[in-house]
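Listed next as structure tokens: two forms of one protein chain, kept apart as structure 1 and structure 2.
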Structure 1
Amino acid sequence: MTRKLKKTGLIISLSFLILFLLSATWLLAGGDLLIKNATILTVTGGVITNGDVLVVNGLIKQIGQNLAAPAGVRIIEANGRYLMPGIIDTHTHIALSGTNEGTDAVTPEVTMAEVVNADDTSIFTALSGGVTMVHTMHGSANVIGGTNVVLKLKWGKPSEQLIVKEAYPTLKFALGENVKQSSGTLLPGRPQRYPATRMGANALIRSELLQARDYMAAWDRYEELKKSKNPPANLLPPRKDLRLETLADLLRGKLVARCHGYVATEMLEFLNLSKEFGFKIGAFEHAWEAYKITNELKAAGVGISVFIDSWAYKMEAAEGIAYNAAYCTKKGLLVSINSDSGERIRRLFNEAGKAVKYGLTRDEALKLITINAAKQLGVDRLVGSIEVGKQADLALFSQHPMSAYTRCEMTIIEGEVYFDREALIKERAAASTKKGDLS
């Protein structure tokens, strides 16, 4: 009798174990979801009304109408609300323990990927505005900052699972007022940091890159001598210099420059530097005067990552016009709208929506924070639009996301729900009843 009971107990616990293991693997593989009856803003393939999106293992498996959910798959009823690709912010500093290594004007040796802080509540804040991916960067205190990192905002997951390895590796450059430290107060007894002018900033970049060239040559010579038949007895490898290693990677084309620049002149001169040294520019950041040099930018194939209309906060932003993003888009530049802020990030869709006032259609405006951003980060084959085969990074909005009256309802990354306003409100209500709180 007792033995039999034990046996059944064993079977039950074993089946529980199997179930648990099964559910665990299901979790690991990314989410499965069926979103029904949505107004789907695919971005690359028009608008589908009353559409369904089936997500399997974190990927978009099917887009259509009246799709059936496989057994056990969670169904999200959109009721005609707007489903768009997860928003991508091409310039932020969130989810990091540190922004600037500001003690030196040149610090390419620092790596933002190593100081990701997955506990930063800014991640949640960003999710609440439909943002699923960020390019989180070194600050602009230095002429050459550090290498940046692209993250998916998987709130609650360990930092290494946030990093998007497929994205372009990028190196931060900065020009203008920030690196000149023109708004800082000069303290008695402390010399002003070099460079204090735009001339100096450019000269510094040139000298650093010349040094990096020498560094590469030194290593090449060493390798050659080492391989030779009779290597000299005193042959010593060059000192490994992390700063120059990174710059060498830029010259080797393994890194893409992302350059913070405001005024036309400094951007043109950075274009010239890239020609002089043959490195790639991913985009200009802020680029307030891009509208003045669209021809040059177009010819160089360099896009911009800008604010829509946050301007006049310093002298170099005083000619930043709200038409910049729309105008440059029309001139054929690849434009994205960024937040550069742990607060603005949650209303990036509002910022993109303003571009409609300045000349874009809603569809064009939507691209500024989705597919264009994905292209700038080198991840457009994975995200940035709602297409079969792409990762299911999605955001559900109460109204058209380019409307001022809209609100983010749900944010999904790879088929897993990371922000759900409805659930949150239920939780709040439950918590306040528990507390006996009548307000």
Structure 2
Amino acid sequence: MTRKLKKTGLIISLSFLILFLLSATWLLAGGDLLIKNATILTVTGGVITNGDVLVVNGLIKQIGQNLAAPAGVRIIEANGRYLMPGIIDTHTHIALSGTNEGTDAVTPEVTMAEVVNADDTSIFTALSGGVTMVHTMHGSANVIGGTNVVLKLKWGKPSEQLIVKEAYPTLKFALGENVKQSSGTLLPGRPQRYPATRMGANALIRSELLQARDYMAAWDRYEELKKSKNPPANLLPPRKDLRLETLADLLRGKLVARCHGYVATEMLEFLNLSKEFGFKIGAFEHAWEAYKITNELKAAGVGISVFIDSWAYKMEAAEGIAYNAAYCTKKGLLVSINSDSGERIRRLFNEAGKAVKYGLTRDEALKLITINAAKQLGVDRLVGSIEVGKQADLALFSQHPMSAYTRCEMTIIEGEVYFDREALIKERAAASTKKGDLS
């Protein structure tokens, strides 16, 4: 009887295992695709007409023409439509359960990676516009905000699987109106919070970095004594301070600064701080007056992440110009176009297309949302262009992405389809029909 029960239990267990494997075939086949007959905008290697892209295990295995699909690999017929690298948004705040820790002007100890919200529908909105990766950031209420996080928009996956660990770890700084208004000076009823002026913001950053420098030196001395031949018997480590620990990592080169700034003079002040303390600036955010200081920015190796033409919406942007992105690109700066929005993110290709009006070629404009953005985030070895060996983050468009009449048909991340317009339309039509039958 016992043997029979054990045998029955084994059969049931095996049956469940087989059913699970059958229902989870996507786990086995995921990441393998062959996209055929596409107009491939490689970004870094020109345009390939009637081209094929073979994806194996989420990586681009082969690019060419008349490629054959291995057995069991899904084939996507592009029929001449345009295949480009997945769009990368270098500045947004989507997929977070919080944006500003505005209770203090200095909060580098907070981290966006701890509040990733994988259920934010803005992720799917972004996918519908061909966006595959975002740099989602602390807000600009604080002079020194928290650490940001780079995400792949893997809709339906747990938050841990969205985080791109290979990207630069970045720390948010902010200058200007947002910081000063958050102090309460311009908002009646709000408690006063230092700083309320530009000089106060600059002084506060310097003060915090000086403390971090001392903190770092104290730990260096401790480690040196600890490793010495005769360490002191009463040797104790310095007190751990999460705020100063983060700023010390900035000074050590483990973090890269991303600074919200509009006005040229403020950006120059922050550049001077980076020289004084030796930290790296990845990019200035918004940077509407960057066109005034291109020489200084280029000499410092600092790029900009900007809107294309939303200038003059507040006093800081009064001297912004629509030619900013194109002009700075021509001057040799690394420029990316961002959304800073959960809605505009779905049409970043339209935003980049506007750069053609302001003097860039289509190829140059396309780089603003692909390889340039990847370089700013430190992931250009992985994504940002269609090259063999890179991750298969791709977007298929009905027409050239710079066309005003195009639309995103399909968005793919690491060889898995996360947005399919045609399939979605059919699914909704079937659901509507079923609802009608029930009524």
Partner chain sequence: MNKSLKKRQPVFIRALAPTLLGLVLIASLFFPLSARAGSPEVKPAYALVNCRIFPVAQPVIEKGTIVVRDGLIEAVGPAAKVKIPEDAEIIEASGLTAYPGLISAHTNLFLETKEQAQPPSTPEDYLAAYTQPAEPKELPWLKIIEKLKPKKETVEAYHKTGITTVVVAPSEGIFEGQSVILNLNGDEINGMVLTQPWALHLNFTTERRVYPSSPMGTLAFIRQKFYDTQHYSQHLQKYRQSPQLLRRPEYDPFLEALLPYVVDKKTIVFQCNNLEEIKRALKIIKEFQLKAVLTGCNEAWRVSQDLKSANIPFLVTLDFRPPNSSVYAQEGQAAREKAEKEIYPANASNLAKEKINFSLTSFGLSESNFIKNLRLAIQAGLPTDQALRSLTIEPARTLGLEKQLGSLEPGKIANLILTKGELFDEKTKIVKVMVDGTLFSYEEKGQ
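Numbering for residues begins at 1 and runs along the sequence of structure 1. All of these numbers come straight from a predicted model, not from anything done at the bench. Between two forms, the rigid core is defined as the largest C-alpha subset superposing within 1.5 Å.
Comparing the two isolated chains, structure 2 is the one taken from the form predicted alone; structure 1 is not. Relative to the superposed rigid core, residue 232 undergoes a CA displacement of at least 2 Å between the two structures.
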